[in-house]
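Just one chain follows, in the form predicted alone, and it is written as structure tokens.
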Amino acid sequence: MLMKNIALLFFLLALVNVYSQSDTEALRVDKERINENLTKLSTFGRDSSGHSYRVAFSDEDVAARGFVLQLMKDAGLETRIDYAGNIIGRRDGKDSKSKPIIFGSHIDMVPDGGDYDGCVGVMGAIEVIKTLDERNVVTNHPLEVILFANEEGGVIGSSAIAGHLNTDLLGEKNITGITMGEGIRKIGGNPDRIGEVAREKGSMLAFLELHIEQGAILENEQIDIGIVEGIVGIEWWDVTITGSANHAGTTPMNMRKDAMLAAAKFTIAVNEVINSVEGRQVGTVGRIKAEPGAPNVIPGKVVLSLEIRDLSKEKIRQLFEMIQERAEQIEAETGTEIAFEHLSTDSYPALTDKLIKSTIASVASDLGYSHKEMPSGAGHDAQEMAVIGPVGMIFIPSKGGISHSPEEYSSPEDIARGANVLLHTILELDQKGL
């Protein structure tokens, strides 16, 4: 009888194990719930005309953070706010001492921004935890969900975790009229101890960020999932073109040293140089100011901006040198002088981890989702987290490629697909490790 009971016990355990495995394979997020939470989040900072103002450290940001904090608690996460103002929720794994898998994003927005940039990553992360909790799935590794503070105003929260926050920024004011340091204190952080937030390199197993594409490639190619191969580095220059101001009516065309004409030629040259090299690099002249700025005076000075983005810092340097050569030609043609001032930036290219990319691809295929690798042309918290460990990013389509606008939109179906890929990528990484 004893042997029969033991055999029956093993049989039942085997059935439970089979059920658990198939149950895990069938795991899917709740599409309605995640989109309902996104809709609720979008009400924080929205005015009667449908425009949203939830910049970091605003009262609207504080209220929205409180909403997200409660969602984290309701999902069973152990929550805290670190000295940088990041909201962190932890779910223990079977091995509480193993490296955590971290995922999340931000909810602060640019003025008059959209409801999906960053928010999809935060709501998706909470939905993953909620789904695991409801199905009693316990991971081997601890899981951490992070709502990063002030991404749009300088990736403050993630830079602090990465250990390279420029503390000079704490004295600068943002659009709310308060300093970064005051803002961090307002959201529950402590700028005096912000250095203690930094984590050691290698202290996490992986960081994952679900995000809207903020471009139109996935939509145009009708692809479900973008697998980010890297986040571009960004470099900026101020370009000063000096000519000679003179009377617009009395100075013959062949005797002019027109700084605006040189600026026009320079802008075209930037476009031509960027397009002359194979790849997905971009270059932009986005700001221009002419002096003295009168309609009847030939501009004697023009200051404009130059921005170059690419996954390779070496390629950015190569493109800039090509632009410099064209600038010398323009100087000779127009009788002007062109000077470049490189503006310091900490925005370096960050490549994503190969194993994480392949895992995302495998998961997407298993779920029946089309996918492709692509660069991220915008900066993200993942770029900072790459300093301390391997990162991966999952993109979903953006309707019309519109972002940082009230017209920003991703469908409930696309959001759910992205969250499902996030969920199963986490489970795969938890099993395989890195």
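Only a predicted model underlies this, so the values are computations on that prediction, with no experimental measurement involved. One-based numbering along the sequence shown.
As for the form predicted together with a further copy of the same chain, it is not shown, yet the points below apply to it.
The contact with a further copy of the same chain in the model of the complex, taken as any heavy atom within 4.5 Å, belongs to 294 out of 339, 138, 294, 332.
None of 202, 111, 249, 76 but one reaches within 4.5 angstroms of a further copy of the same chain in the model of the complex through a heavy atom, and that residue is 249. For the marked spot (217, 281 and 287), a heavy atom within 4.5 Å of a further copy of the same chain in the model of the complex is present in each of the three residues.
None of 160-168, 178-186, 302-310, 122-130 except one has non-hydrogen atoms within 4.5 angstroms of a further copy of the same chain in the model of the complex; the exception is 302-310. Although the partner is absent from this view, residue 378 contacts a further copy of the same chain in the model of the complex, with a non-hydrogen atom inside 4.5 angstroms. At the 4.5 Å threshold, heavy atoms of residue 99 stay clear of a further copy of the same chain in the model of the complex, well away from it. a further copy of the same chain in the model of the complex is not approached by residue 90, whose heavy atoms all lie more than 4.5 angstroms from it. Contact annotation: residue 271 falls within 4.5 Å of a further copy of the same chain in the model of the complex, judged by heavy atom distances. Contacts between stretch 249-263 and a further copy of the same chain, counted in the model of the complex as any heavy atom lying within 4.5 Å, involve 249, 250, 251, 252, 253, 255, 256, 260, 261, listed in sequence order.
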